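As structure tokens, one chain now follows by itself in the form predicted alone.
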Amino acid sequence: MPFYSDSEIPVRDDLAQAHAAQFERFARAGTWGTAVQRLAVISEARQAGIDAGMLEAPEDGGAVSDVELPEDVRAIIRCLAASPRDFDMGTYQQARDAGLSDAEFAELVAIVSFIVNLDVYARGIGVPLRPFAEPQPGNPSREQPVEAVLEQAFVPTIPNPPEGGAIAKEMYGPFKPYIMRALSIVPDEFRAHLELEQAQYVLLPKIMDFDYNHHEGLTRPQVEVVAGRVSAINDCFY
């Protein structure tokens, strides 16, 4: 059954598939978190949106995690999910003080931003928030790329080629800006971000082709106006 079969607004198949794939990922162990830990994180992020009045609680929220997150970690999740303009270097330091490594912090940021993205989309098309799948057994890989170094971001990132080596060439091609490389210390989350970005925004090979329209209902200039307005509202420094 299509992921958004209950939507009165048509949803492109590739977009629905990209969203469904993210919910499937949430139910599996990541690079640093088990499936039940990841479920606890996204559940906390969703609840932050509900408590802030941004989201409506679904009748069926799906699976529930029995993991109790530390209070400092919960505060970081809720800040990112409901008040991203307040997410800054101090928040990062709070995460480090709470015992999170740079890579664990990056994975947390990734999955919180993904679930907020998906939940806001569901709200936008008028369907209930999608239920969480039951967490699957398995252990985190805990693989960290040795190529990642501290550049100009909070956490280490994999440099562009040639400095970033073979993994950079595989992940980036010739070049990726910081806004896309921010999660590269956890390559699986970086790749998941790219999958969402290409379905929701524009195909990367076409990003500098300003006559290319990814969506039939919006021209590229209209897309950029929406993106710019959202960024301004959220005090995004980009």
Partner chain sequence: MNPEALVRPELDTGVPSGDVLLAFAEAIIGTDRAALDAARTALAEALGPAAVSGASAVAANFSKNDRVANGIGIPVDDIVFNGTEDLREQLGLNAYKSAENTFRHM
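Positions refer to the first chain, counted from 1. None of these values were measured; they are calculated from a predicted model.
Heads up, the form predicted in complex with the partner chain isn't pictured, but that's what we're talking about next.
Asks: Only one of 29 to 37, 49 to 57, 64 to 72, 166 to 174 has heavy atoms within 4.5 Å of the partner chain in the predicted bound form; I'd like to know which.
Replies: Heavy atoms within 4.5 Å of the partner chain in the predicted bound form occur in 49 to 57.
Asks: Within 4.5 Å, heavy atoms only: does residue 20 come near the partner chain in the predicted bound form?
Replies: Flag for residue 20 set to no.
Asks: State yes or no: in the predicted bound form, is some non-hydrogen atom of residue 149 no more than 4.5 angstroms from a non-hydrogen atom of the partner chain?
Replies: Output for residue 149 is no: heavy atoms all beyond 4.5 Å of the partner chain.
Asks: Does the partner chain get within 4.5 angstroms of any non-hydrogen atom of residue 201 in the predicted bound form?
Replies: Residue 201 belongs to the contact set for the partner chain.
Asks: Does the partner chain get within 4.5 angstroms of any non-hydrogen atom of residue 117 in the predicted bound form?
Replies: Yes - in the predicted bound form, heavy atoms of residue 117 and the partner chain come within 4.5 Å of each other.
Asks: For the stretch 112 to 146, I need every residue with any heavy atom inside 4.5 Å of the partner chain in the predicted bound form, listed N to C.
Replies: Those in contact are 113, 114, 116, 117, 120, 121, 123, 124, 125, 126.
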